[in-house]
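A lone chain, given as structure tokens: the form predicted on its own.
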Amino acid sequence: MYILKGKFPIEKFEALQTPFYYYDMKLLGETLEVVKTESGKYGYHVHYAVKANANPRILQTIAAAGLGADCVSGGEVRAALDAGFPAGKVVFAGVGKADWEIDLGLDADIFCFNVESLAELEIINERAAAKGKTARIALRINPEVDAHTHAKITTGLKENKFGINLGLLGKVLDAMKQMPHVRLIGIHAHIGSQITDMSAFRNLAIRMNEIQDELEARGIQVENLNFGGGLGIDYYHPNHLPIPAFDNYFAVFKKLLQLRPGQQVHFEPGRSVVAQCGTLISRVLYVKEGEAKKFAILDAGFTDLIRPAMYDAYHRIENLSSDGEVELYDVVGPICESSDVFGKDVELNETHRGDFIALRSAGAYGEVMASQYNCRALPKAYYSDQL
């Protein structure tokens, strides 16, 4: 097996209580530089999707790099502002914004609300009127583009709860004429997550051109186009392909978009920015010899990395402590649920109690989705430049 063991300071791990999240801050910095370079070629704006990882140090690092923030709750808006993201670079999406969350965005004067329904638009208009403000909004459209990804992370189809269906767009635009406290500044679309087929983004760019034509037929021209996020990573080869193909991603839109003069383009990547810099480090509690299976039972469980249990997701698993012969193990956690399985028939170097196990590509939807089910403590986070 190819394992980049020098990447992890195992000798320093000995003093730490497992499980814990380990962040490679050098890789995060390199990834951010690529994002800035590739988006900067075209003058695109990038807002980091806070839901992928809201660790305060991670947020501060991304804010310091000059990115904006894409938030989907009032708590995320607060976290972004506390981390140093300028309010003028904060966008706020989500199908169920509570009144206090809308008020928070208005009071902070965030850049934009990504509005997902007529009902929400009416409340934003009411809350803004009560404060004597005008809310900047972008309409989140369901573009009917198939992302060709997992059903639980597809968001751009008619049957999804997100956004405004194309067939209802005219009704919303007509209603907006009677809402003086909202101002339409953009159109937003997000079709899903972990997308590796660039044809989905090509289709999205073409569909956005068509939507713009429809808007202009109504005499409407918007200042901003927001394409959400969704760029996938390589979960199978985190050592060889640690930074996604941001060059190809942004180039698709540059090639196909029919921009109007002065129009600005925005993106909201999350996973692609932070996933590969994070690893869940665990230790083996027991190696259990079954009649048909051999189990490596870890002290980490789905409370610490829920993606395999929730999405049947693959994460590369490496034994950092062993150079022994490769054997097959079912790698499982201690949670009292049959779904607490990280991988079946995983190839690991011969594994023993106490070995350090790395669950790779855990920087996105790892720490941020951790729970205390079974009354387990939340793992701590450590950083490569502080050990």
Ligand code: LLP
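The numbering used is simple: start at 1 and walk along the sequence shown. Bear in mind that the values here come from a model prediction, so they are computed numbers and not experimental data.
Although it is not shown, the form predicted together with this ligand is what the next lines describe.
You can rule out all but one of 255-263, 211-219, 230-238, 289-297: in the predicted bound form, only 230-238 has residues with a heavy atom within 4.5 Å of this ligand. Proximity of residue 268 to this ligand in the predicted bound form falls within the 4.5 Å heavy atom cutoff.
This ligand is not drawn, but in the predicted bound form it has a heavy atom within 4.5 Å of residue 307. In the predicted bound form, none of the heavy atoms of residue 117 sits within 4.5 Å of a heavy atom of this ligand.
At the 4.5 Å threshold, heavy atoms of residue 25 stay clear of this ligand in the predicted bound form, well away from it. Checked against this ligand in the predicted bound form, the residues 369, 10, 378, 16 give one hit for a heavy atom within 4.5 Å, which is 369.
Of all the residues from 34-62, those having a non-hydrogen atom no more than 4.5 Å from this ligand in the predicted bound form are 49, 51.
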